[in-house]
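The chain below stands alone and is given as structure tokens, in the form predicted alone.
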């Protein structure tokens, strides 16, 4: 596999399942009180840091982007899949949405007040994650908060069928919070909080909140 094959596979897969995925996550936040609380905290941290543009990287159909917009943040949603961005623009008229890749963000240095990647890192290969975190640090203002959500575990599996039964070709990577925290520290972030979700379900997720260091 070439360096960019996973990006092409991810884009094609989510273009294929875009509407089915949007239908699947449409009411997800309503059933996720801990995630809603973490997002409210994130919004507070952004405001306390002075406010400004906030990037939702890997925004999908824009449900989390719109939720944070409704909490008063100046949101821009970015996703690799043009079909996802089309749905996000159609269903969420408030925020801005753009096609883009977290591996090469089309944002100026230190231009965003906060950044989140809500379960959008799960398809990024291990060797690419440090570069993605370097991009996050580059575009964040010093002291700006970062929120990451991801699946917890030690496995990677190839997902060949997705939402609505449509074909996909993406690897789903589960990672331990301590490993993600180590990558963040190496990229120039200070890790401030970790929250485990669905602890007894057998399918744990985690939220990590960090802050871009000033130096």
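Residue numbers count along the first chain shown, from 1. Note that this is a predicted model, so its numbers are computed, not measured.
Not on display, but discussed next: the form predicted in complex with a small molecule.
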Answer yes if any heavy atom of residue 92 is within 4.5 Å of a heavy atom of the small molecule in the predicted complex; otherwise answer no. no
Might residue 100 be said to contact the small molecule in the predicted complex, defining contact as any heavy atom within 4.5 Å?
yes
* Asked: Should residue 64 be counted as a contact of the small molecule in the predicted complex, where contact means heavy atoms within 4.5 Å?
  -> yes
Within a 4.5 Å heavy atom cut-off, is residue 10 in contact with the small molecule in the predicted complex?
yes
The stretch from 137-145, 106-114, 69-77, 120-128 that lies within 4.5 Å of the small molecule in the predicted complex, judged by heavy atoms, is 120-128
